[in-house]
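Consider the single chain below, provided in structure tokens and representing the form predicted on its own.
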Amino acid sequence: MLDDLDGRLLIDGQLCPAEAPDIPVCDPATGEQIGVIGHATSQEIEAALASARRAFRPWAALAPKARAEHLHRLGNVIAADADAMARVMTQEQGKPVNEARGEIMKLAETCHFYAEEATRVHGETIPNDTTDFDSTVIREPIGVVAAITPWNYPAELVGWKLCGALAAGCTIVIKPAEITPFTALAIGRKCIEAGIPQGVVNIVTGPGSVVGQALVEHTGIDKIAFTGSSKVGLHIQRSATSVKRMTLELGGNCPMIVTKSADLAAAVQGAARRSFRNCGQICIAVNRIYVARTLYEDFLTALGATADGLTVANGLENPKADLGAMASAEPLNKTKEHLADALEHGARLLAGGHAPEGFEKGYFFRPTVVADCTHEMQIMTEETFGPIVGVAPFDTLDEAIAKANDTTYGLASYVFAKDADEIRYLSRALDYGNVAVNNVDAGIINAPYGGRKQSGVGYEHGREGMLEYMNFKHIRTRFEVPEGA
């Protein structure tokens, strides 16, 4: 599959050779080059945008059922080739093949979900002050969308935008992260196989600072859908040269609160899963944990042992590994910096803290737990985006709430408690767009997913995720009584 995608762009329904295929893509587990991608030129960007603009009106004019059929076919062809697509993802991103395959299957599920939502774009009729007027509100697609997607979930985070936009009747130009471009191009190839009309889906590659910026500034783009850091999201807001709709899913610094009534084993299992899955490279990863003092030491002992029991391996060689390589040197270096800062300020190292033995090459790091953390430490106040978590005790629920909310972010938070009063009190007091109680799956495809504060604006997932790609139109009509009535 990589051979077919190497050095390609998707423009007007064709996987065409890039004019300047000069950006290497490397396997983060070995450092070996697996291919190259193009640094899209201004002419290639214009061609992709022109293609999307030409395709917009015919695609928007299709009956919703017809768009749904296209999305169902896309979901089917993706699921049928999930194994090959998963291996591509592992080679460029590092996560184990089994985990990558799960992500591909979630992408297929997203196609099917939004296929169904496409047929449920409802309007409404609003009463007027007099009976000779009717007000009807309808929803129409925004237009051409630019989707700028990150490297940590290179299939799902493309899919949320692609499927929501197409279901609404929009066309799209996708700019994937330059370190994980081939997963997006593989999705593009599946769009061709599924028979999605030419120009509806386009993919251009290259650095975000150049190619992504060109899309943000282009007056031919009607909406920006971006997932990435809060810093870049703010830059996008400031640098757009025309008024555009935006959905920005940005960073997180997600807390978990474990109360005295919690099921300790379940809390430990949840903490390990959401702190270390995908090497912690996920916006809703648990960065920091606050544990009731009566459970604190037992929790630490169990979480440290669980972390030490997780396997770290080359995800191609060991598809069942718990953790693969990190995607690049940048998140690995930040993980090491946050660990050093925590230890310097008095934290205890309970697990990990180093690369696994036998991995001289690649971006590998053991899942790491540090205890006795305070908000003077970076690990408790900044998003690490690595396989490390800080833990601290608390004495009262209000203390835990204050510490959990002590951040500029507001994407997701987690609570483990069995007492109903504790659950209600905490879930309403936590200032986050998503609160998961006694589980660590803060986002599901059929419910709105979005942050507050510096974690972004707008929503993905659910019906709301599709409506983000639509304009509302109010049609107010006056009628008269017909002759002879």
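Residue numbers run from 1 along the displayed sequence. Everything numeric here is computed off the predicted structure, so don't read it as measured data.
The same protein also exists as the form predicted in complex with a small molecule; that form is not shown, yet it is the one meant from here on.
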- Task: Could you tell me which one of T171, T149, T368, T407 places a heavy atom within 4.5 Å of the small molecule in the predicted complex?
- Result: T149
- Query: Between the options V201, I78, L71, C283, which residue brings a heavy atom to within 4.5 Å of the small molecule in the predicted complex?
  - Reply: C283
- Task: Flag K106 as yes or no: does it have a non-hydrogen atom within 4.5 angstroms of any non-hydrogen atom of the small molecule in the predicted complex?
- Result: no
- Tell me, yes or no, whether E92 is in contact with the small molecule in the predicted complex, where a contact means a heavy atom of each within 4.5 Å. no
- Message: Is it the case that T110, even though its partner is missing from this view, gets within 4.5 Å of the small molecule in the predicted complex, heavy atoms only?
- Response: no
- Query: With a 4.5 Å heavy atom cut-off, would you call W59 a contact of the small molecule in the predicted complex?
  - Reply: no
- Task: Would you point out which of 396-404, 315-323, 117-125, 244-252 contains residues with a non-hydrogen atom within 4.5 Å of the small molecule in the predicted complex?
- Result: 244-252
- Message: Taking the small molecule in the predicted complex, would I289, G304 and Y432 all count as contacting it (heavy atom within 4.5 Å)?
- Response: no
